[in-house]
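In the block that follows, a single chain appears as structure tokens, in the form predicted alone.
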Amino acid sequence: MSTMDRSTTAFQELIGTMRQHWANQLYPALHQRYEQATQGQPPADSAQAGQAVEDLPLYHWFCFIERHYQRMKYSDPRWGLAAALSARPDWVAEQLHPAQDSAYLRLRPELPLPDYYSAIDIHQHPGNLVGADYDGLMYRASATSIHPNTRRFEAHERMAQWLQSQGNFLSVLDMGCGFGKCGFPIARHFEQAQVLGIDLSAPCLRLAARTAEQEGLRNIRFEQADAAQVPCEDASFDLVTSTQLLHELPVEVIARVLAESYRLLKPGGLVAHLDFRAHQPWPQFLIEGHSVRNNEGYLPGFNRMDIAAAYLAAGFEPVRIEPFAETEGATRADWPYWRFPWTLFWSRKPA
């Protein structure tokens, strides 16, 4: 059964089309105006970079689309994802693993949710993934339009391929796994591995567990847990990884997540957190503006923290910080379109 009527489908397709227009036409035009305004006078910092465009109508239109089309995608009272899914409770229930333990799933209803997680609608997602049973389904539907110019979940497939280049891992922890968009590619690429995905969101975990069951993936399971306090023994994993988790945490929690990554790894094990980082004035201005427009208030703190020092403080070898191409050619200097500044932070636990 479809979750959406024709009007809702058309509306959501309009949102996706506007996102493509925003990334592939508005952003190049805005960048060109920025280059013209700063020619011969490179800005000293992100604030100065912003001054070059902040009075342009084009910039205000760019910001309006980023903010309000995301809000409309989720929360439009007629054709938003929340309205469409809340109208189909029986269909939603069919897509989710029952809210009980199984070979694929362990939920902890008593687990306290940190205030930083439950009090903010990150990404403008109503209830921040814990407000309704359909939250995982809504997040999955939304994720298809987040990254223009990539195939569906291409960044996560490429992450799994990169991990393959680093060795053969038999025990894997995927922190902040959501509905499994990175855990599933890892499970498919490492067929001999046992993969554990953890997250705070029960709706996302129920969707992930049902998907694994439907696809017959026997080497992955999901558990409700906090990445800053994981209920697993020391040295349980060869690989600890996450995708787009760190920038959604306060700086002090990031330090605890890195400490947990170290504790949970076997000696010589690999930690690889894929996230965002922008330090040049123009991309820093854009990504930190995005954090305001998309309710990602912890992103600026993560972007400016000394992540290398945090890895060393956790006990790791020096961290390698490398640009990551979410699609072929995306890290080229002449890439013309808007993109997140994907960055891979990886290191090893000393052997």
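Please read these numbers as outputs of a predicted model, since none were measured by experiment. Throughout, we count residues from 1 along the sequence that is shown.
Keep in mind the form predicted together with a small molecule is missing from the figure; the text below concerns it.
Chemist: Since exactly one of L163, L105, A84, L249 fits, which has a heavy atom within 4.5 Å of the small molecule in the predicted bound form?
Modeler: The residue in contact is L249.
Chemist: I need to confirm a contact call. Of I220, V172, L129, L207, which residue comes within 4.5 Å of the small molecule in the predicted bound form, counting heavy atoms only?
Modeler: Only one listed residue qualifies here, and that residue is L129.
Chemist: Taking the small molecule as it sits in the predicted bound form, is L258 near enough to touch it, meaning that at least one heavy atom pair lies within 4.5 angstroms?
Modeler: L258: no, not in contact with the small molecule in the predicted bound form.
Chemist: Counting only non-hydrogen atoms and a 4.5 angstroms cut-off, does G269 reach the small molecule in the predicted bound form?
Modeler: Outside the cut-off, so no.
Chemist: Is A225 close enough to the small molecule in the predicted bound form to count, meaning some heavy atom within 4.5 Å?
Modeler: Yes, A225 sits close enough to the small molecule in the predicted bound form that at least one of its heavy atoms falls within 4.5 Å.
Chemist: Can W91 be called a contact residue for the small molecule in the predicted bound form at 4.5 Å between heavy atoms?
Modeler: It does not: once the small molecule is placed as it appears in the predicted bound form, W91 has no heavy atom within 4.5 Å of it.
Chemist: Just one of 192-200, 277-285, 75-83, 92-100 has residues with a heavy atom within 4.5 Å of the small molecule in the predicted bound form, so point it out.
Modeler: Comparing against the small molecule in the predicted bound form, the contact stretch is 192-200.
Chemist: Would the small molecule be touched by all three of Q12, Y69 and P148 in the predicted bound form, meaning a heavy atom each within 4.5 Å?
Modeler: The answer is no: none of the three residues contacts the partner (heavy atom, 4.5 Å cut-off).
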